[in-house]
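In structure tokens, one chain follows: the form predicted alone.
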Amino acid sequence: MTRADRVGGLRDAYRAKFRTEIALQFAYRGALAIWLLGLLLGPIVYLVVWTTVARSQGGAVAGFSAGDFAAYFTVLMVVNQLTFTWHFYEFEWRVRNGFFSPLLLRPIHPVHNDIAENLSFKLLTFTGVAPVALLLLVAFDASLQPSAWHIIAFVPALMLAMALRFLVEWTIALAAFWLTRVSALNQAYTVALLFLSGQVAPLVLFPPAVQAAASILPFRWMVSFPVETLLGQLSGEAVLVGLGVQIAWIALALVMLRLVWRLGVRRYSAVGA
């Protein structure tokens, strides 16, 4: 099979998976609405809390006004929705119940199944997130006036953040090949992500040690960095460095995913046999 045939087959597989997933999501509209509500509630709660704190402190906290907090958490809500994945929560069920067996028989890597599933979910839920974000910007008088180059830089920062978060979380999910129960690992990762990606509060409000940990680890580059870029909080040099860090982490995540996948499939096959 030529490279062109493989690319064409993969394109057809994505097209078919998109159609199937969108139809499936519409069939389970209640579940889709619950997931969407979960994505919206967290940032909105933090937005209300921090804007209230800013107003009670005379209008600002560490240089962040109520309008700055409104802009930050509104943009964060959008970025979090576009980078969010859930597959590491369900991987254990897949492995334990043998659901991976039919996926392994397909001619394409199972990761493509989850990429298509994830993108179709984001496409549908974004239609609900976008109007809520616009409403919040107006209702809370958000201070959002990015320059043209920050808007342009936001696009690759967001795309790389989406890829990085998916790859890291899919790799973590592969722990299910070795662990009978991965809920503790998933919860520990979720807590670390919540704080170190800037979802609870802007990272500049945390102690220097926490900021350093967030920058050394991949968490900041999954969520906070695109938000900071669109808000105009970073210089051109800082944006370029950030994009470079994202690319480096993506390369490392790809290597780790390939390695862990190869070892995990061998173990899965041995246990299944």
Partner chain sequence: MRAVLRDVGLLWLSFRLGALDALQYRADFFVQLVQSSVGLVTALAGVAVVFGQTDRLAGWSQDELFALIGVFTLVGGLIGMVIRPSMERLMEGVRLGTLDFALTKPADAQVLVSIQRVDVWRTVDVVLGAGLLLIAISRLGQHIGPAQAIAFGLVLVAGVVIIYSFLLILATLAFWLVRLENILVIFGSMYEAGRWPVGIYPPWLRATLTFIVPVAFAITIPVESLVGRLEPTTLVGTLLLAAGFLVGSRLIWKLGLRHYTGASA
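Residue numbers count along the first chain shown, from 1. Treat the numbers as computed from the prediction; the structure is a model and nothing was measured.
Form predicted in complex with the partner chain: not shown, discussed below.
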property: 4.5 Å heavy atom contact, Q57 and the partner chain in the predicted complex; result: yes
property: 4.5 Å heavy atom contact, R106 to the partner chain in the predicted complex; result: no
property: Contact flag, S235 vs the partner chain in the predicted complex, heavy atom cut 4.5 Å; result: no
property: V45, heavy atom within 4.5 angstroms of the partner chain in the predicted complex; result: yes
property: The single option of L137, V111, A175, V200 touching the partner chain in the predicted complex, heavy atom within 4.5 Å; result: V200
property: Proximity to the partner chain in the predicted complex, single hit among A148, L179, V191, A130 (heavy atom within 4.5 Å); result: V191
property: Stretch in contact in the predicted complex with the partner chain, which is absent here, among 243 to 251, 45 to 53, 227 to 235, 211 to 219 (heavy atoms within 4.5 Å); result: 45 to 53
property: Output flag, Q25, L144 and F166 jointly within 4.5 Å of the partner chain in the predicted complex, heavy atom basis; result: no
property: Within 113 to 135, the residues that have a heavy atom no more than 4.5 Å from the partner chain in the predicted complex; result: none
